[in-house]
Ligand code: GN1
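Listed next as structure tokens is one chain, alone, in the form predicted on its own.
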């Protein structure tokens, strides 16, 4: 793919084929991401997965609108992080559409940036949660209805479970028998669905990041302070309980989300407490009472829902998430369901941090 980029994509961004060094960047599951080091500047280049993002132009326009809003906040002294912005093409466009050869977009590269995949200490958890809270607080004045849904019903647990049931019924790759216990476990969680249905009707829509993994917050490697919130692809209107929940599921385990050491996969209480402290320090005055009460629900829903998505993709033949070996998505699903069980086992202790 790097040769293709060199010969067919770089020129759209004003870079000659022989004038850049190109290398893969990050470990995302969806898009293909590269760092382009040119003679004058560096930038991030992405090939958008159009099987996942059916309207990629909406994705780049959303990101641009959010970027402009945050830049205005920076200018007025109301936003303290750096901002990821689109790199325009030589034709002043936000993207390059090469049809069957891909939909490409550029993003500014932030020097001195550093990401981590596993939270090592409470200080990092609090700092990252504070940064995500700061990001959401800065977007409260931007009308959520001006941001298009790039993936409708993205965080909709009943719909995700319905898709799982369809995958089980079809069993297109003959994989149901090997994970029947996990399927039955998911279908037994009807109480959570009923609780969710009752709570969502009380919550206001806000612009949410919708993918608040620890590696979507960049640290400044010079002093390990928070530098920027990145990956605005799934920024859409929704409920902030899901942003909180995604932090819980990705910050709290001492293992990566595809670890098979399930005996070590658990919610670390101290990290959970640090998330609550950091997030509420920025959003405590923004959230209404119903939103604050919903955060514990969001933590449980996100662990279960991401597990359902991994399990469904495994049954469907791994068509959504990139995998590195057979059974990878099943391993990820088991990991997330184990996190969900850990939350339930510590419910009284953990939920007290949000009171």
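Positions refer to the first chain, counted from 1. Since the model is a prediction, treat every value here as computed from it, not as a measurement.
Keep in mind that the form predicted together with the ligand is missing from the display, and what follows is about it.
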{"query": "Among 283-291, 311-319, 60-68, 47-55, the region lying within 4.5 Å of the ligand in the predicted bound form by heavy atom distance", "finding": "47-55"}
{"query": "Contact of residue 79 with the ligand in the predicted bound form (heavy atom, 4.5 Å)", "finding": "no"}
{"query": "Any non-hydrogen atom of residue 213 within 4.5 angstroms of the ligand in the predicted bound form", "finding": "yes"}
{"query": "Non-hydrogen atom contact residue 154 with the ligand in the predicted bound form at 4.5 angstroms", "finding": "yes"}
{"query": "Non-hydrogen atom contact residue 126 with the ligand in the predicted bound form at 4.5 angstroms", "finding": "no"}
{"query": "Partner contacts in the predicted bound form for 22-38 (non-hydrogen atom within 4.5 angstroms of the ligand)", "finding": "27, 28, 29, 30"}
